[in-house]
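Take a look at this single chain, the form predicted on its own, given in structure tokens.
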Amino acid sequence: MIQAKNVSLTYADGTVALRDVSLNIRPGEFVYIVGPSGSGKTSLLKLLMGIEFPSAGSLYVMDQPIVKREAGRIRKLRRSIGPVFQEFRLIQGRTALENVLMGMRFLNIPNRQMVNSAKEALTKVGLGHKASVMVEKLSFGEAQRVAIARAVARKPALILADEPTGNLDYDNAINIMDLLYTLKDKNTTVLVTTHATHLIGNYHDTSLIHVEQGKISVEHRGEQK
């Protein structure tokens, strides 16, 4: 799914975001990326999305090399990635269903199939009964679940969630972590960045990538419940 070998990322202003990162993430893994703010967690996700490119080393996502000369193929690769952003990026004045559909608009899916997938995704996150509600009338936690449904509806091979619990209270944050964990299966890999390590539950078969000043260490966790 993801192979990185000696990857570094240096921004144009000279900031070194990641240093000599090597990873091997298999299909179906659930991976927490933990570390303090500014440690390089979001930079790693940007590389995986093909928003940034390695300054050194090699990176492959779903067998696709993440390099500038492959920009066209990387745009197609993103169709298999479901991003979840901390700030939600929902469109006000539109319903929950419409917001989920917007996340699928470039996938060339027949309209009826697209609507069915969007409804199915909302049901999966517990919001099937609020499909026609305007997003500004939803609670904060419900809005976050719409953002997750938007990613899930694409039936992605890879879900990348960047600090998805950053602005939530404890109970809602735990609910979001639980929900994200249920999304992993043999065909879907889930990566979640967080600086709130106290939210990481005792799930089985997960991995932790610790990021500190651009360097990483990996911890694999076995059966825990």
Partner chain sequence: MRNTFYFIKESIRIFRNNKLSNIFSFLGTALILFLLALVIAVWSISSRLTVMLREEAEISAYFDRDAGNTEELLNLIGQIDGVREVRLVDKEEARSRMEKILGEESGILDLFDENPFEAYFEVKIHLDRMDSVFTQISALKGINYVRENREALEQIEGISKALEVLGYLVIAAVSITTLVIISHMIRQGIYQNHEQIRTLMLLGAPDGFINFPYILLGFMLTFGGGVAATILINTLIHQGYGMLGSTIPFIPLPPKSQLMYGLSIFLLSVSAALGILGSLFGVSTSKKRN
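Computed from a predicted model, the values in this text were never measured in an experiment. Positions refer to the first chain, counted from 1. We call the rigid core the largest set of C-alpha positions that still match within 1.5 Å between the two forms.
Omitted from view is the form predicted together with its partner chain, to which the following refers.
Between 130, 119, 155, 94, only one gets a heavy atom within 4.5 angstroms of its partner chain in the predicted complex; which residue is that? Here the answer is residue option 94.
Quick one: of 139, 113, 123, 108, which gets a non-hydrogen atom within 4.5 angstroms of its partner chain in the predicted complex? Spelling it out, the residue with a heavy atom inside the cut-off is 108.
Give a yes or no for residue 102: in the predicted complex, does one of its heavy atoms lie within 4.5 Å of a heavy atom belonging to its partner chain? Result yes; residue 102 sits at the interface with its partner chain in the predicted complex.
In the predicted complex, does residue 49 come within 4.5 Å of its partner chain, counting heavy atoms only? Close contact exists here: in the predicted complex, residue 49 approaches its partner chain to within 4.5 Å, heavy atoms only.
Pick the stretch from 165-173, 29-37, 49-57, 189-197 whose residues have a heavy atom within 4.5 Å of its partner chain in the predicted complex. Careful reading of the contacts points to 49-57.
Using the arrangement in the predicted complex, list in sequence order the residues of 77-98 with any heavy atom within 4.5 angstroms of its partner chain. Heavy-atom contacts within 4.5 Å come from 78, 79, 83, 85, 89, 91, 94, 98.
With a threshold of 2 Å on the C-alpha, tell me if residue 94 counts as moved between the shown form and the other one once the core is superposed. Comparing forms between the shown form and the other one, the residue 94 CA shifts at least 2 Å.
Large Cα move at residue 75 between the shown form and the other one, threshold 2 Å, rigid core: No, its C-alpha moves less than 2 Å.
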